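Only one chain is given next, in structure tokens, and it is the form predicted on its own.
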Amino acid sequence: MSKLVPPHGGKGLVCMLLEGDALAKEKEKAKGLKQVKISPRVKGDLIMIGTGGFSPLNGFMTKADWKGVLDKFLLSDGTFWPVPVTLDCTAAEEAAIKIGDEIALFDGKEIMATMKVTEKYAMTEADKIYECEKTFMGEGTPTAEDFWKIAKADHPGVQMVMAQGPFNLAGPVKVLSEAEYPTKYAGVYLRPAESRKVFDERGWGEVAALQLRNPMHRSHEYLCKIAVEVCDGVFIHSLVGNLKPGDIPAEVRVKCIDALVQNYFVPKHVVQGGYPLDMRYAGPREALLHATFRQNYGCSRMIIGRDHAGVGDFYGMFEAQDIFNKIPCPTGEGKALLCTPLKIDWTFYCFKCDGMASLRTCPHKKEDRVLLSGTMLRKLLSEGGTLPDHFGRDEVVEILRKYYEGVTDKVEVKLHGAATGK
């Protein structure tokens, strides 16, 4: 009998990925269907729907779901959900599709899925602006005027939404492929059923997830070790989908995690995994999304530190922690979010404490501390700078230095408040 938290939504893992004869038949049928070209973000969302990572979703959202999520954090059936999961299309594609049609979703290389269109709805400029303000606007830009002064140029999530087509298509999907992820990240890429199986085999009940999009530095390591002390184990779950320019590729980050786990953790208390989404950089809302799909992977706790899933200075330092206190708790089996936050203050290395500490435990001054940030790590290494003592483990720094030695087309890494301590 599993001791793990149940999947979100009360329906078990809702997996839309086909296999065997059903997959072969659907692939053949898909060749004759009208095609809609999908973005990398939609591709990642599709795979998560396919594997059950986005349970209870079985496809892309209707207008009622889209609006309910933005206004109330609820799908139209009253189930908690924090961000829109939508499929956009061009005006020409929309005009060629009727309600009830089956279509093929094409990523430029292969047909990723088929979909039965149950609804199509316009996404005007005003609709996109509304989605951006609801999804991406945080305490760092307290008014819409402040937000739009910088968002179109500096927020990758806003840029993605504003570049979407003028229509959305809704309906259930049948997923035909997990793309390159199972082979490129063999041994790391896990479906929710697979992570749950590993946790069950270890007898775990309370599992904490660590979200990673940067290489693991000492602060990440410390967060994991706090989680190991209070839970049965920790799931180091890193994004292997697309990031923004200048971020470090997933295969390099995986090597860094391997080095840390092998040298600085008790392996039986740690599982490493990867998932295929693109970052939305939605800060607090994305923290909620991370907790929602980690529940599907079997995690009951989500580690939330400072500026979780943030970009620039769009969000308050601990806004992603505070939002968990503000979301609805709908009644009905599976409708509420059950993965709760493990809130941890700003962490750093303190020379006077002679170890890792946080603002809750360290009484010393800023000049006594090594402030740890993935952004700062990338900036220093990409510019050939010297890392302060205790910023990262030697094994990890060596992997990153070798990576940067081979990078010829470097992107300027901008620092922001969360990276500098301002």
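Note that the coordinates shown come from a computational prediction; the quantities given were computed from them, not determined experimentally. Start at 1 and count along the sequence shown; that's the residue number.
One more form of this protein exists, namely the form predicted together with another copy of the chain; it is left out here, but the text below deals with it.
- For the three marked residues, Lys67, Asp77 and Met160, no heavy atom of any sits within 4.5 Å of another copy of the chain in the predicted bound form.
- Contact with another copy of the chain in the predicted bound form, defined as any heavy atom within 4.5 Å, is confined among 185 to 193, 286 to 294, 266 to 274, 133 to 141 to 266 to 274.
- Taking non-hydrogen atoms only, Leu212 never approaches another copy of the chain to within 4.5 angstroms in the predicted bound form.
- Another copy of the chain in the predicted bound form comes within 4.5 Å of a heavy atom belonging to Arg393.
- A residue is said to contact a partner when one of its heavy atoms sits within 4.5 Å of a partner heavy atom; Tyr222 meets this definition for another copy of the chain in the predicted bound form.
- Under a 4.5 angstroms non-hydrogen atom cutoff, another copy of the chain in the predicted bound form lacks Gln35 among its neighbouring residues.
- Proximity to another copy of the chain in the predicted bound form, defined as a heavy atom within 4.5 Å, singles out one entry of Val397, Cys353, Leu371, Leu380, which is Cys353.
- Between the options Arg253, His155, Arg218, Lys120, the residue in contact with another copy of the chain in the predicted bound form by a heavy atom within 4.5 angstroms is Arg218.
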